[in-house]
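This document opens with one chain alone, in structure tokens, the form predicted alone.
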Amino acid sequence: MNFSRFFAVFKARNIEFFRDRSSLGWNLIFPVLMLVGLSFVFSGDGRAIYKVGVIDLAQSKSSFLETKYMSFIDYQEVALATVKLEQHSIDLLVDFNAKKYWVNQGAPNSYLVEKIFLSDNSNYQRIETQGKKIRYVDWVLPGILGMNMMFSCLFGVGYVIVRYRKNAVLKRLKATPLSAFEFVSAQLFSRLFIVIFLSSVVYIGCNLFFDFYMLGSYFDLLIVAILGAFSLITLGLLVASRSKSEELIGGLLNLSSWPMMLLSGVWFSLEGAPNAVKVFAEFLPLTHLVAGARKIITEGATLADISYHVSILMLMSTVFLALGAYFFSWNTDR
């Protein structure tokens, strides 16, 4: 590993990107436009439906569970459910087995649902809680930033490598002392630096206007962002490892990105989705990036709490990087 050659390629790739004003502008403007648009679209109160959290719903029995125009959500942990109540994600929390219920005294819906609940139920212990309401723009923030990172990682690595290969740049570099490991690692870390830098700028800039909800650690959020970005970058390397056609790589990258954009929990939760969809989503790196970041932001989770998502991202990065390095070709021949 020659660090001078590594740094030379690393520096050249960064300069190439920042000089491309259209790519730089798109990476900065696109997530901002999405956040602004969604903040207006979902700024209202939403659908007129009440949501009630129930501890161990399968084992609960009450006529209240048959109330119309209410959605009952099953929770196994009281701590998680109370966080949802504090964030106004649910309007009431009930534990029928323990004869307890929790109410958010700062939420109008919680007050109304409590009145409906007490009309059929008595002798329940009342527990009060209060918290700041989480907006849709706060909930969707990890998905938008993750989606922007996904496109930047996949297309920023895939198209660049294929263009280099098609224009015989890789063939020329092969004749230099630069090794394949030095070239690939420089490309990976260059894209990682660019993605994390731009995502940080977008988050900090938008936070000044939106005052995003944040319960967890910014350091933990940064670690998850780095792991997720590296996993997506190595996936882009794998997809572009042997392709020589820009048209083909465009199709392959779209084939990789569209399922992640739709099934990774970017725009909506997969809690009510079929099991087959949930299983498929577990194989998508963006799923674990978005889920881990969202838990840190909205639930105050630590890296230990999201160790499953962290481990999966590290495993995926290792597999993608190993396969990408194995199949990597300097030449235009397949």
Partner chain sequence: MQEVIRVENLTKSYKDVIAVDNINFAIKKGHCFGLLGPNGAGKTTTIEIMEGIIKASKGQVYYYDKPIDESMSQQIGIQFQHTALQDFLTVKETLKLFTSFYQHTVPHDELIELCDLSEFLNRDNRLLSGGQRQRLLLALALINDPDIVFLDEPTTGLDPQARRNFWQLIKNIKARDKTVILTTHYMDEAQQLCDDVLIMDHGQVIARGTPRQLLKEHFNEVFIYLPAEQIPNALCTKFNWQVHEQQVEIITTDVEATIALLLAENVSLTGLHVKSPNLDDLFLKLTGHSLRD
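Note that the structure is a prediction, hence the values are computed from the model and not measured. Numbering follows the first chain given and starts at 1.
Just so you know, the form predicted together with the partner chain exists too; it's not on screen, but the next bit is about it.
- Looking at Leu173, you'd find a heavy atom of it within 4.5 angstroms of the partner chain in the model of the complex.
- Under a 4.5 angstroms non-hydrogen atom cutoff, the partner chain in the model of the complex has Tyr164 among its neighbouring residues.
- For the chain shown alone, Val319 is not a contact residue for the partner chain in the model of the complex, no non-hydrogen atom being within 4.5 angstroms.
- Within this chain, Val310 is remote from the site of the partner chain in the model of the complex, having no heavy atom within 4.5 Å.
- Across the options 173 to 181, 79 to 87, 229 to 237, 146 to 154, residues that bring heavy atoms within 4.5 Å of the partner chain in the model of the complex belong to 173 to 181.
- Scanning Leu248, Ala168, Ile127, Ile73 against the partner chain in the model of the complex with a 4.5 Å heavy atom cut-off leaves one residue, Ala168.
- The three residues Ala276, Lys278 and Leu284 each lack any heavy atom within 4.5 Å of the partner chain in the model of the complex.
- Within 4.5 angstroms of the partner chain in the model of the complex, the stretch 1 to 15 places a non-hydrogen atom from each of Ser4, Arg5, Ala8, Val9, Ala12, Arg13, Ile15, taken in sequence order.
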